[in-house]
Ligand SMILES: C[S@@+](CC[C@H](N)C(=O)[O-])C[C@H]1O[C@@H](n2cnc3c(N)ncnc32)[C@H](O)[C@@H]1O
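First, one chain by itself in structure tokens, the form predicted on its own.
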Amino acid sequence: MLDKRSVSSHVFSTFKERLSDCAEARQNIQILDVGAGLGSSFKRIYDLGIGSRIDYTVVDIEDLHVATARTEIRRWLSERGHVIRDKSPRHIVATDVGREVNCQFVTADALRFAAESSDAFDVLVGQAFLDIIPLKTGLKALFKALRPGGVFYFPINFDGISALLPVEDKARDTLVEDIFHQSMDERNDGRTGGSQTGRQLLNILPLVGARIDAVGASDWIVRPLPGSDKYSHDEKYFLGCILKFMHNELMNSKRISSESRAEWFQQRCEQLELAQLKYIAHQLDYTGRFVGE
């Protein structure tokens, strides 16, 4: 729900136009979704109603993620009245009036799978994925899967701001955010896009043969419901996960004392329980075509 609310409408509208172009040019659209999570990208794309036949391939290195995506997508299609056929444990076919979607679910390294799927896909989707791969070489591998002129859609790319409010101790809060971002930058020996993936893509995408047609902000903004002491949907749980994740990174850092870390964590958890805690994360979305280097 948070991702759906946050993604850039401008970028998604441009992506929709490119997807329509694909539907006009091809009888069926081949889509590759890397790091699909719970299938949120599939739902938004399918709801556009574009294309009478879609072949949708989900790839993730974690088998549990792939199985979860299959269960969630199958349930979602079934609730909308589609007739579901299970062709195999990792392949479903869903039909509705005048529409069919073939969904395949693959456990594999996404970069390797893409590199070995030469010119097999019309569309490449990767939500909140690019900040965990080496950007330049990773994008080159991903784009090998696209046919000439293929469309890409990369929403939710983190870009250097993860602020918790209210500010209680400015120096400590700044240090916590800096340690959190440093942990992203040091992941895999610094080979990933890290905490500034969003802005780096502005330069790197053209270098690897991509034409950027639209870019826009997709910030996460989590706050209590207006006039309420509750958060929307599962956003309290989401914020709790963010706090635990940040706390884990603080535990690995010598830049903050155990006393200061414990005080920070207790204070933020109390604010969460009282529905006083707010969170902002700055991110960027991209869409365009792969035109070749």
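Residues carry their position along the shown sequence, with the first being 1. Just so it is clear, the model here is predicted, and its values are computed rather than measured.
We do not show the form predicted together with the named molecule, though everything after this point is about it.
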| query | finding |
| --- | --- |
| 4.5 Å heavy atom contact, Ala36 to the named molecule in the predicted bound form | yes |
| 4.5 Å heavy atom contact, Gln127 and the named molecule in the predicted bound form | yes |
| Non-hydrogen atom contact Arg261 with the named molecule in the predicted bound form at 4.5 angstroms | no |
| Exercise: Val176 in contact with the named molecule in the predicted bound form, heavy atom 4.5 Å | no |
| Among the candidates Ala108, Ala120, Ala115, Leu207, the residue which, in the predicted bound form, approaches the named molecule to within 4.5 Å (heavy atoms) | Ala108 |
| Answer option from Ile61, Leu48, Ile256, Ala67, heavy atom within 4.5 Å of the named molecule in the predicted bound form | Ile61 |
| Within 4.5 Å of the named molecule in the predicted bound form, all of Asp3, Ser40 and Ile132 (non-hydrogen atom) | yes |
| Interface stretch in the predicted bound form with the named molecule - options 264 to 272, 240 to 248, 53 to 61, 225 to 233, non-hydrogen atom within 4.5 Å | 53 to 61 |
